[in-house]
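Just one chain follows, in the form predicted alone, and it is written as structure tokens.
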């Protein structure tokens, strides 16, 4: 296993890391490799390796690793949680994202403190050991992507820019209509969604709300899973709503708290992306280093050629820098009021570094790096998607700059 440069890890943290690493190596990575070669419809079908891997992850409690022990979670906090996410992502960024997203609706309900809703949604999810409860965050739409997340910018309150998915109060029920985009992670398999909707369009994106929706409600339909270049074990697809009715209490946040809620979720998601893709960068570096040690060219291992040595060293620096930044951003945001610009910096830097490291790993493998039988080929495709999902890197950079300028 890769040497962690943090000398302050406790024995318990080292054991936790090693346990998770074994699970990622023995279960998640092989499953992700098989799913990578399958048709998207086959990936989500009954009997797919997707379900075997998810069920095993649920049985081991990885879906509730951050939930309190009183609800059956592991109660992991701080570096413990980060280390677990790193090792899961080392094995498969697809499954790391799927497990993280699955938690979002139920974690959001838990954060409300509403005892009735916690009994209805959180307790069954926390007790689930067979992947019967799967969550998603349905925010982006065909006409709204990163712009629906940029809570710190002026346009978020522009009355000419609002979500197209609407919620209208009718007595004691909300009536939902609209469409969420094909990029909803877990969208084709989720049982529940945390959904962003427009309540008061005159306030722009800030006039939105967050509701939890059981996706077996009348009027909910799904699109087909996307056929993507990377992260193919992470299913993504559209969600359609036609006069979908939910109880009034399922609207968890209204316009008065929308901006803060978007900021909190995006900050957490961006920090998670930094953690995930610093680990993917590590996986690519390890593959390149191992190959360079035994591949013979010019009568000696290519690791003995100076150009390859320089490439390996550049990769090593980027992995260390990404890991350090992602851990620092996560720790900072857990320690008090979160700073979105820290998480945005982590997401942008780590995903860019990951793509560069994965590309260099393919280059070191030469022609073999282009073959689908090799892990580095998949890692490069996975890394490419990371610079777009959970906020386009260029736009996130502008949003972070705005926060820095405004103070």
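Everything numeric in this text was worked out from a predicted model, so none of it was measured. Positions refer to the first chain, counted from 1.
Below, we refer to the form predicted in complex with a small molecule, which is not included among the displayed structures.
With the small molecule left out of view, the stretch that reaches within 4.5 Å of it through heavy atoms in the predicted bound form is, among 255-263, 109-117, 291-299, 146-154, 146-154. Residue in contact with the small molecule in the predicted bound form (any heavy atom within 4.5 Å), chosen from 133, 183, 121, 250: 183. Between the small molecule and the residues 322, 101, 211, 176, the one pair within 4.5 Å by heavy atoms in the predicted bound form involves 101. Of the heavy atoms in residue 25, none are within 4.5 Å of the small molecule in the predicted bound form.
Heavy atoms of residue 398 reach within 4.5 Å of the small molecule in the predicted bound form, making it an interface residue. At least one heavy atom of residue 385 is located within 4.5 Å of the small molecule in the predicted bound form. In the predicted bound form, the small molecule sits beyond 4.5 Å of every heavy atom of residue 85.
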